[in-house]
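To begin, one chain is listed below as structure tokens, in the form predicted on its own.
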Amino acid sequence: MTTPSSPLEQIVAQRLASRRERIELDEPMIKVVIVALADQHFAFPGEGIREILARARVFFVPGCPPSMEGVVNVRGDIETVIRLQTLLRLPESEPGPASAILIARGNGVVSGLRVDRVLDVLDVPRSSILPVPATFPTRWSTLALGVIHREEQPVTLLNLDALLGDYARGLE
């Protein structure tokens, strides 16, 4: 092996050697579904969302709690549809043309979650998920996994296991 003679050859040799020593690590990513409820933005971990229904007919069921909009038929499976705004204690609104139902799974429960709009489905680095601020409303802090930022707006990442588990236990 020959020793580089010129300063340029020495720099090139050093860079090649450093590239061989460098270990590339991929940062763990998490897929999230970002939704809007009124002027608030929320996200769900993608692994908990089975499907997004843009237009689905919801059938009212008498005697349901106020947080349950009704049921929907998803290719022969009957799923409840929960008003997410009620669970999060946000002002109620009527479903508009952009509203959607997320078929979600958490804590062994499968249910539809009504949202005003689906904004995005994207991968975010796990390291970009910030802890839940101490100033969060108590109800949200028990349901939140953290906060991410999308287009310079905070987005609360919700825990489907806690949300659907609480609902199934009759807490809402």
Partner chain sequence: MTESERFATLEVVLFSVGAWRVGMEAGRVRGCRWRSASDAPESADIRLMSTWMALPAAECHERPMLLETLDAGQSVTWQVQGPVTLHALPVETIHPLPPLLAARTTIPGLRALALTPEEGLILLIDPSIRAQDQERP
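Residue numbers count along the first chain shown, from 1. Please read these numbers as outputs of a predicted model, since none were measured by experiment.
In what follows, reference is made to the form predicted together with its partner chain, a form of this protein that is not presented.
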**Message:** Counting heavy atoms only and using a 4.5 Å cut-off, do Leu130, Phe136 and Leu145 all touch its partner chain in the predicted bound form?
**Reply:** no
**Prompt:** Any idea which of 48 to 56, 34 to 42, 108 to 116, 121 to 129 reaches within 4.5 Å of its partner chain in the predicted bound form, heavy atoms considered?
**Reply:** 108 to 116
**Request:** May I ask you to state whether Thr80 is within 4.5 Å of its partner chain in the predicted bound form, using heavy atom distances?
**Result:** yes
**Message:** I'd like to know whether Leu90 contacts its partner chain in the predicted bound form, with contact meaning heavy atoms within 4.5 angstroms.
**Reply:** no
**Message:** in the predicted bound form, does Pro7 come within 4.5 Å of its partner chain, counting heavy atoms only?
**Reply:** no
**Prompt:** Do Met68 and its partner chain share at least one heavy atom pair within 4.5 Å in the predicted bound form?
**Reply:** yes
**Fill in**
Looking in the predicted bound form, the residues of 55 to 71 with a heavy atom no more than 4.5 Å from its partner chain, listed in order, are Phe59, Phe60, Val61, Pro62, Gly63, Cys64, Pro65, Met68, Val71
